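The data below hold one chain only, encoded as structure tokens and taken in the form predicted on its own.
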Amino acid sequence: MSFTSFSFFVLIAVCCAGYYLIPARHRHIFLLALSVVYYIAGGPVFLLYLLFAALTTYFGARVAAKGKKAAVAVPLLLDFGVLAVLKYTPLAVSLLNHLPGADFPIVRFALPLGISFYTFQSAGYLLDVYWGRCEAELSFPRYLLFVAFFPQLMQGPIGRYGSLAPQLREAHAFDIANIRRGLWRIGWGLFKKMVIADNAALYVNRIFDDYASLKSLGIEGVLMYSVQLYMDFSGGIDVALGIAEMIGIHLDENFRQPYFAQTLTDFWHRWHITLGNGMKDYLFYPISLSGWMSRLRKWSRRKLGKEIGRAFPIGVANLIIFFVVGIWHGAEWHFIVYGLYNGLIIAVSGLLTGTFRRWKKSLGITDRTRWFQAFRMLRTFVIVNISWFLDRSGSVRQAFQMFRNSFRGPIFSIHVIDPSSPSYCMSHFLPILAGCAVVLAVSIMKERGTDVLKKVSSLPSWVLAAALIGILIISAVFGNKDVGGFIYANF
């Protein structure tokens, strides 16, 4: 059930009306029922995988609360084992086929909706209970709602039990301000998805799917993918946050103007924020505090000096984290290289921090120098877009070939999606251009500290209603109806 389908809008209406009409003590059951219906719509058998993840972490947490390590290890091995089999079997088989005489058939499984997201979220809950950050939930239906809450189930944001579960338990009073904010957030998300992302997808698919003949258009393809990915992912998150907002539940923000980042580290603090925070808390810190990392830290300071020795272990930890991020994105080599590319740049940047600081001091440059800020923003944008070659391509070879060919001819063509129909091409390109200009203006205001959502939702009701109707009309007229679902729908 796509966020842009009519049936999903019916589900939103039922959710919002039913939540406030039924007795408060039954509301969590109502939300759970809607979440189950939503998930079954994507494939009834997939519900079994979600229930398995929920049951293993629920019972595991009940025992882990008593300090039993096995109660943490067993559910994690089971849940990530299921994820590995479903998602990474093709990669494992391809590796085995490199052995002499091996010729195993490649098996691909249909991925349940949002399996990476709910596996990560339920694993985070289990670890939080074990580390004493929250109490184990005694009611399985309440815990299942935390895992399966339908707005965030498909693509996040990845919720923390300590902040999300209490909101799901609480009976929120009707508040027209929440309805106004939620509706606007949903409309804004649909605008980004349908008007910008889905039109950009035409260019992305054409260039990446036929890269051998469209040799020099790699830069156009990757820039369009940069637009598509951000508008698609953040638009879906906006819809999820908007639905939850209407019933008084505040999900975590997942994006904060990422293309204004001035370093790659800053970019990852702004992009898919809940995943980054989860990787930091559940992987980076445990690695950094481990015994082997302590020994590496002592060795590096002794052998490499104080400055580099301090940064070297952090760089190793970042490489591990981004290797996991690459694997998490998919069971293909280009995703692994994509993760390592990000990790390596961040690790090397950490090693050179002192050198950069001395270099800037000698030139009289500070991080507040305007032109230097603009340079760092542009540099980071280029670095990120190079990584998008690896993220979108079907192989490492394709990514490198497209990058190399991008400098061997014309780099842009509005008419690439259909050279025989300039009007058709313009009808898709202009919405992208206009939509990006609107999003850029809003992003600048937000970067300067303006609460745009608060300002818009406080407009007179008739103005807000007219604006929402206008967005829906624009999305219906200028949206590309051939694209369909979200990029991260089956992730």
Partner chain sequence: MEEILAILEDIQPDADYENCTTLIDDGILSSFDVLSIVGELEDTYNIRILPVEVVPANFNSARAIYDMVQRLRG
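Note that the structure is predicted; figures quoted are calculated from it, not measured. Positions refer to the first chain, counted from 1.
Another form, the form predicted together with its partner chain, is not on view; read the next lines as being about it.
- The three marked residues, 142, 166 and 242, fail to reach its partner chain in the predicted complex, with no heavy atom of any inside 4.5 Å.
- The stretch in contact with its partner chain in the predicted complex, judged by heavy atoms within 4.5 Å, is 289-297, chosen from 379-387, 289-297, 215-223, 197-205.
- The closest heavy atom approach of residue 259 to its partner chain in the predicted complex falls outside 4.5 Å.
- At the 4.5 Å threshold, heavy atoms of residue 315 reach its partner chain in the predicted complex.
- Of the heavy atoms in residue 311, some are within 4.5 Å of its partner chain in the predicted complex.
- Its partner chain in the predicted complex is not approached by residue 109, whose heavy atoms all lie more than 4.5 angstroms from it.
- Of the listed positions (333, 211, 255, 284), a single one reaches within 4.5 angstroms of its partner chain by any non-hydrogen atom in the predicted complex, namely 284.
- Listed residues 397, 250, 306, 408 were compared with its partner chain in the predicted complex; 306 is the one with a heavy atom within 4.5 Å.
- Along 347-378, these residues reach a heavy atom to within 4.5 Å of its partner chain in the predicted complex: 347, 350, 357.
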